[in-house]
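Only one chain is shown below, in structure tokens, and it's the form predicted on its own.
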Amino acid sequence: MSEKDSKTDRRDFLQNSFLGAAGAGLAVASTTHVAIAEEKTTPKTDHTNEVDVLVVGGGTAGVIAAIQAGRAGAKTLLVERGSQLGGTTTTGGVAFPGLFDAWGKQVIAGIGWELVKESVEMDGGDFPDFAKVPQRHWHNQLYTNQFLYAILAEEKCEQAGVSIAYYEFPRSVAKTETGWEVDCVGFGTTRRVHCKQIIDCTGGAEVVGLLGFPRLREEERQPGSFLFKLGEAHAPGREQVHRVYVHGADSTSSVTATEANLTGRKTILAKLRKEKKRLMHLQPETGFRESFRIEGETIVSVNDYTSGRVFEDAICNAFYPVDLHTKQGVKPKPLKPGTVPTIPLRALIPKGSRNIIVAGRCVSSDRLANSGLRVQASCMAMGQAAGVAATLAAQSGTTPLEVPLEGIHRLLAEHGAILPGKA
């Protein structure tokens, strides 16, 4: 039999199989065909990248940092150990980001707000009225379609010229004359990255830890949440889902994260059997609230946070109640009327470091301040500020802490961010 006849017979077999299934009353979903840009018989396993900015972690802060760096002209690589962008909003399932407003006005905007807004608009969702002060803070959070958010984030990275490497994570970092040499590993892949600046957006400041800089963490951690829904179908972008607390959840290693996921799924399975309902939605992993924080050039205290201290090197606003979760639950402590906290550049810089900056929940802060700073809108604002500082440092051959604050503010404003004190 010729190769042509073999392919024809296989095609006819598949068509007849589909017709047979349909004839038996089974619906066959339509299929859209796509092809990757390049098909190679022997995949390349060793890769080398020369970039200005390496962003490690494509979660809430990291994806915004990468887009900002790319838009500002930096050659940028984003390394993410998971399979999609968005972190807590997508993989964690907390598709309910906030808070972008405070006391009747918007205090956080920029690229993070752009991505959330576009996700809601494209999904036909609703927006809260930021001109009204809500009775409860969460009334002004936004229902967001997590699946749409993830693919829009990829599109914005592509448009900004950002390269993405999924399923990879740094295993070693070494200083060079011009910045860093970072060796990353993924299954079937090794990658060496030469970069001028690193933005650590890993949640637990994993790159900072690899470099041996000090990090902060208490013995007790806030519980994680595993999100699911029983009974009725989940309507993405329209509602929150159910959740179970995973006490002792620890994201600091693959072993501890595995244990958190196993524990969460086991609990949901027991609940499913008890309530005898259908499982309609299940997130792929636990959403973690707390891990390592850096010891930065300054540490934001809870008094700094609740007083609305405007730091002399403030690079963005933040807003959320002090929100510490415990075994007994959570009782948010609202900020006093008119209070809008700020985040200083020095809290994003590991103490004594050069050419590295962080963004996200690993910001240098005490535990109570961090319980308010760790939420999505504030992490997005930090990510954009870190993207600006790293880009300007790479372009001028200096380190983020030595970049003039006026230059950081100017570029942030050009890209739609709201500057501290300018809401």
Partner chain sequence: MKRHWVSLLTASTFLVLAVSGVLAFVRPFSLGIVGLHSLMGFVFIALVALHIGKNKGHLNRYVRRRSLWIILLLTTLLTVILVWQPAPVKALLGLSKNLGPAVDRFEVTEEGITYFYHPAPDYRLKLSIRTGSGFDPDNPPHLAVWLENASFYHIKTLHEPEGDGGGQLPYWSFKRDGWEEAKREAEAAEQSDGDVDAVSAPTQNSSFDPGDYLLPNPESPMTYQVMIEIKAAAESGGAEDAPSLIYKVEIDNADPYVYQLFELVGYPKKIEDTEEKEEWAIYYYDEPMSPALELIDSALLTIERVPEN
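Residue numbers count along the first chain shown, from 1. A quick note: this is a predicted structure, and the numbers were derived from the prediction, not measured.
Form predicted in complex with its partner chain: not shown, discussed below.
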Item to complete: Could you work out which of A131, L269, V255, A233 is the residue within 4.5 angstroms of its partner chain in the model of the complex, going by heavy atoms?
Response: A131
Worksheet entry | in the model of the complex, the one of K175, K327, R273, K336 near its partner chain [non-hydrogen atom within 4.5 angstroms] | K336
Worksheet item: Does its partner chain get within 4.5 angstroms of any non-hydrogen atom of N303 in the model of the complex?
Response: no
Item to complete: Mark F147 yes when one of its heavy atoms lies within 4.5 Å of a heavy atom of its partner chain in the model of the complex, and no otherwise.
Response: no
Worksheet item: Would W103 sit within 4.5 Å of its partner chain in the model of the complex, counting heavy atoms only?
Response: yes
Discussion item. Residue-level question: is R171 within 4.5 Å of its partner chain in the model of the complex, judged on heavy atoms?
Written reply: no
Worksheet item: Out of 258 to 266, 132 to 140, 225 to 233, 107 to 115, where are the residues with a heavy atom within 4.5 Å of its partner chain in the model of the complex?
Response: 132 to 140
Worksheet item: Is any part of 315 to 331 within 4.5 angstroms of its partner chain in the model of the complex by a non-hydrogen atom, and which residues would that be?
Response: K331
